[in-house]
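Only one chain comes next, encoded as structure tokens, the form predicted alone.
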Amino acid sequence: MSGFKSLRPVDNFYQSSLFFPMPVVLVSTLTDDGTTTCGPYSLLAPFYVAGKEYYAFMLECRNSSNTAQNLIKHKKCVLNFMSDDRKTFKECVRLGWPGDTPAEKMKDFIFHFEDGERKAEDRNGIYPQVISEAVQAVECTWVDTLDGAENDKPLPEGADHYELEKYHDFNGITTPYGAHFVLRIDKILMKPKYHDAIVNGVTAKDFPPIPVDYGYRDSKNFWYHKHRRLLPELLPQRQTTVDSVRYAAKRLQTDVKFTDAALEKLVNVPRIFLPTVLKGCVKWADENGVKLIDVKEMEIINDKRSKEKGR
């Protein structure tokens, strides 16, 4: 290991012991009077990405923060992805000063709010608002039933951390000073330019100018990287054969059959995903009383999958 030197991990290791690229989001939450307040966060990552009845992010934060306490009380938030211009990032840094009350944070707030889709669908409900200047926004609900976190309570008045007999493993109050929140994705909202790019096909110029926070900070500065034009790199083309797809199809426990023309539609699917894709085809066939899947049926299945992705 002559090419490396060891660095000891310490508290907040992602800031003090690593150069760790992360997103920058402003998290909108509800205060006790029903107004929206915001705080900046980078410890955010996809959590449930497939195979569940919902999709989710994981947010990690200080458990005494306004964001954590508002989530414990009101369960709802919006993840606002802001642009990388200097004025916007400066405001994100200002909003992150620990100890400020929501009223102090929001007094000189430079952005604007608007209602999201959840409010449009539930006019009587109370939801945190979306930042109008955001590039994209994700409306979420904290899944407090995971890990027994539904009984977590707000901090007592004047306390700066929790003192519990037992802490959760991955959701709710996880340490005396930390909290994790599994956030179910309710709505993904996107400015038209970027929405249309995803629907119609993304090129290098279509990526939004979202900043990357490099984790490391010193006693004076946060450091971030502005968006640059992205460089495309072609995916490897590893087409399987119809024989391989047929072999995988024959291993399924089903009386649904595939024509070779239908199987040819799946030769670009990576081998590791073939069983899952084939089982999805069989499920559709069973639901629709189909015993032989041909090209016409594959087109219907693909069209259904495209519409589900669009939703």
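Heads up: residue numbers just count along the shown sequence, starting at 1. The structure presented is a predicted model; accordingly, all values stated were derived computationally and were not measured.
What comes next is about the form predicted together with a small molecule, which does not appear here.
Asker: Only one of Ala56, Val282, Cys61, Val269 has a non-hydrogen atom within 4.5 angstroms of the small molecule in the predicted bound form; which is it?
Answerer: After the contact test, the surviving option is Cys61.
Asker: Identify, from the list Ile126, Ala120, Val93, Leu164, the residue with a heavy atom within 4.5 Å of the small molecule in the predicted bound form.
Answerer: The option sitting close enough to the partner is Val93.
Asker: If contact means a heavy atom within 4.5 Å, which one of 62-70, 259-267, 274-282, 246-254 is the stretch that engages the small molecule in the predicted bound form?
Answerer: Flagged stretch: 62-70.
Asker: Answer with yes or no whether Asp213 is in contact with the small molecule in the predicted bound form, where contact means some heavy atom within 4.5 Å.
Answerer: Asp213: yes, in contact with the small molecule in the predicted bound form.
Asker: If you check in the predicted bound form, is Phe113 within 4.5 Å of the small molecule, heavy atoms only?
Answerer: No, Phe113 stays farther than 4.5 Å from the small molecule in the predicted bound form.
Asker: Would Ser28 count as a contact of the small molecule in the predicted bound form, using a 4.5 angstroms cut-off between non-hydrogen atoms?
Answerer: Residue-level check for Ser28: no, no contact with the small molecule.
Asker: Check whether Lys105 has any heavy atom within 4.5 Å of a heavy atom of the small molecule in the predicted bound form, and answer yes or no.
Answerer: Judged by the heavy-atom cut-off of 4.5 Å, Lys105 is in contact with the small molecule in the predicted bound form.
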